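Take a look at this single chain in structure tokens; it is the form predicted on its own.
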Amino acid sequence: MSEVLNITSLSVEFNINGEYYHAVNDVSFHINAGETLGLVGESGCGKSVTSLALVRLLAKSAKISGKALYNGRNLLDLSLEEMHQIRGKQIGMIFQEPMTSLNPVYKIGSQISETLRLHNKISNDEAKRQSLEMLRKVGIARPEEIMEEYPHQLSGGMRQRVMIAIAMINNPQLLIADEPTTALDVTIQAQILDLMRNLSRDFKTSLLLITHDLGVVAEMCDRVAVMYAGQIVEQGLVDDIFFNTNHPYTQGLLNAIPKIDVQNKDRLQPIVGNVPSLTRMPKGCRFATRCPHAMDRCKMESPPLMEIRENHQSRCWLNDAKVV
């Protein structure tokens, strides 16, 4: 199976009071053609920064290193003009909050058509026709009327569908979806996930799904990468992550999920402590201060990502395995 995206040793640093600190540190993963990879972790762990680094949408002050190979081309080495040709055409992106991602002073039709005209030499009439067709594909009723409305006139679910339409209008090979169901009610969440799954299948699009919802991961993903404090601490096939869990942080996330088949007296098991500050990362394993299995070694040495079985890696000293 061919790789669409291959990230190797990606790091992102930000300047805080004159010093640079890693928000993303030595992150590596890949996405195969037609595959969905879930990038999971708590808020602030570096998921969104990773995705913005890939499409070069971070502030100029951010220091990005490593490689991000898209069909063999390193996105981090391309000029801004070359990136303009890739963003929106070959790589689509659904941002976390559609109300702030859509321009409030332009009509919906104009915003969808703009993406088409930017990357294709087509007439206004043809752009409008394709925009209407895409609105129908994303399940929007009354597309002719919606084209003439502004973002504030639409519900959250409708705005998210519009964002998906904009991201998919040029039939991208890779779609990055950053928390696509945040702030939507459960019924609308299910509809949006079904829509993304169907569009990904119909357009043969690979998907990087960024979320903190493990239920979404179980339903949507082929493989999972779990992030903590800017690092990937475990990655593997979705069944391995859920049923052969290795890293204590991943296990902590699973233990914190409410279950309907347990007695009401059974309490959820939270992960004790807090995520370390960007400016005060522990010397050894970044999860050591919260880990119930931490050893002296964990507090002194940072563990590498280790292969524990085929297609399953974990960053933990408890593993007696070879280093990737």
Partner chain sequence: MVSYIIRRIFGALIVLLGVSIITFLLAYAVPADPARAIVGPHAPEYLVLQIRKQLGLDEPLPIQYIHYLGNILRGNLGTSYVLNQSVTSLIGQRIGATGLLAGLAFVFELIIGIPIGILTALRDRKLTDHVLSTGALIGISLPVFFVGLELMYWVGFRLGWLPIGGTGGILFAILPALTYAITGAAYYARLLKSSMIDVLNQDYIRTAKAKGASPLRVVMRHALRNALIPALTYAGTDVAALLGGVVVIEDIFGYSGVGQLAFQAIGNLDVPLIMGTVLFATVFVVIFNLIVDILYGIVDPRISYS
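Numbering follows the first chain given and starts at 1. None of these values were measured; they are calculated from a predicted model.
Keep in mind that the form predicted in complex with its partner chain is not shown, yet the notes after this line are about it.
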property: Which of 71-79, 115-123, 200-208, 128-136 lines the interface with its partner chain in the model of the complex (heavy atom within 4.5 Å); result: 115-123
property: Non-hydrogen atom within 4.5 Å of its partner chain in the model of the complex for each of Tyr21, Val49 and Lys63; result: no
property: Non-hydrogen atom contact Pro143 with its partner chain in the model of the complex at 4.5 angstroms; result: no
property: Close approach of Arg87 to its partner chain in the model of the complex, 4.5 Å, heavy atom; result: yes
property: 4.5 Å heavy atom contact, Gln251 and its partner chain in the model of the complex; result: no
property: Exercise: Ile232 in contact with its partner chain in the model of the complex, heavy atom 4.5 Å; result: no
property: Residues within stretch 94-110 having a non-hydrogen atom within 4.5 Å of its partner chain in the model of the complex; result: Phe95, Glu97, Thr100, Ser101, Leu102, Asn103, Pro104, Val105, Tyr106, Ser110
